[in-house]
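One chain is shown next in structure tokens, namely the form predicted on its own.
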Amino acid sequence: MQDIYLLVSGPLAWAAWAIFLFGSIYKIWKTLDTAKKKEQVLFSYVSLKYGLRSIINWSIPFNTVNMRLNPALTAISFFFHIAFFVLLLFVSAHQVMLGEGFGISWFTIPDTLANILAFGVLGACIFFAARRLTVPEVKYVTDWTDFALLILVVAPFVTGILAYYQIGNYMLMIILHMLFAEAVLVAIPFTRLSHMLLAPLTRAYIGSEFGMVRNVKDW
């Protein structure tokens, strides 16, 4: 089991980060290249001013009409994304890994807060799954891959909680926790999880079009 742990925390972790990094660069380049080929004037009216204005306004909770029309979804979505990155970057156990792998460290959050956020993420994922099953317009565009991605995303949190409370075999839970986290990293550039890479580009494009061409707000 120790040898598997060293493999997962060493070579597999570095491989996952490498695939994520180079895959993300390729995904962004490919998206921009495809968009340029389909619409030759795409970059002629992209504006830093209006692009940033759109990104900032869509990053503020309940700042857009669409967000205010769906308050529960807005609140849970913002919580999920914030909690995801807080847990990724500021949990003490993750800090140890970052220190060993990259030689960097910063402050950490208390374990109690980390537990609250982790269980909150589980609740958010249950909400997302229920929404895909019950909201007609969402259910219509949902297939098995959406649930597979949701399971993949929630798996590191489930195994992390089980490891923290030492439910089951501790070393096995740690190994699974790292494996699922690495799988998420690898999946980001090649699945719909790539929205985390492309969302700023999309917002900048839409914001520029609305601001420069239509002279209206996009929020």
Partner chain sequence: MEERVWIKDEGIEAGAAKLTPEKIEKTINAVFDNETGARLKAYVETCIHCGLCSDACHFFLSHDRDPRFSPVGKVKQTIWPMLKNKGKVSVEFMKQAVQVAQTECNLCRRCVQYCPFGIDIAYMMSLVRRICHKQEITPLYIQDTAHSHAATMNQMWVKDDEWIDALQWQEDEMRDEFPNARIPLEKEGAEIMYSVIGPEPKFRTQLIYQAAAIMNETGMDWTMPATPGWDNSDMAMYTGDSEMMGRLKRMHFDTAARLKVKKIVMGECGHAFRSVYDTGNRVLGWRMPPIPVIHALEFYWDLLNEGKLKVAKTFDEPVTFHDPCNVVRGRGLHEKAREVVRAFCPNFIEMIPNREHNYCCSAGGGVINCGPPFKNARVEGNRVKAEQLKATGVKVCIAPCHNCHGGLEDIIHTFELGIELKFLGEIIYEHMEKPNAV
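Residue numbers count along the first chain shown, from 1. Definition used throughout: the rigid core is the maximal C-alpha set that superposes within 1.5 Å between two forms. Values in this document were obtained by computation on a predicted structure and should not be read as measured data.
The protein also exists as the form predicted together with its partner chain; that form is not presented, and the subsequent description refers to it.
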Partner proximity in the predicted complex: residue 72 to its partner chain, non-hydrogen atom cutoff 4.5 Å: no
4.5 angstroms heavy atom contact with its partner chain in the predicted complex for residue 210: yes
Any non-hydrogen atom of residue 205 within 4.5 angstroms of its partner chain in the predicted complex: yes
4.5 angstroms heavy atom contact with its partner chain in the predicted complex for residue 107: no
Within 4.5 Å of its partner chain in the predicted complex: residues from 118-132 (heavy atom criterion): 131, 132
CA of residue 34, rigid core aligned, shift of 2 Å or more between the shown form and the other one: yes
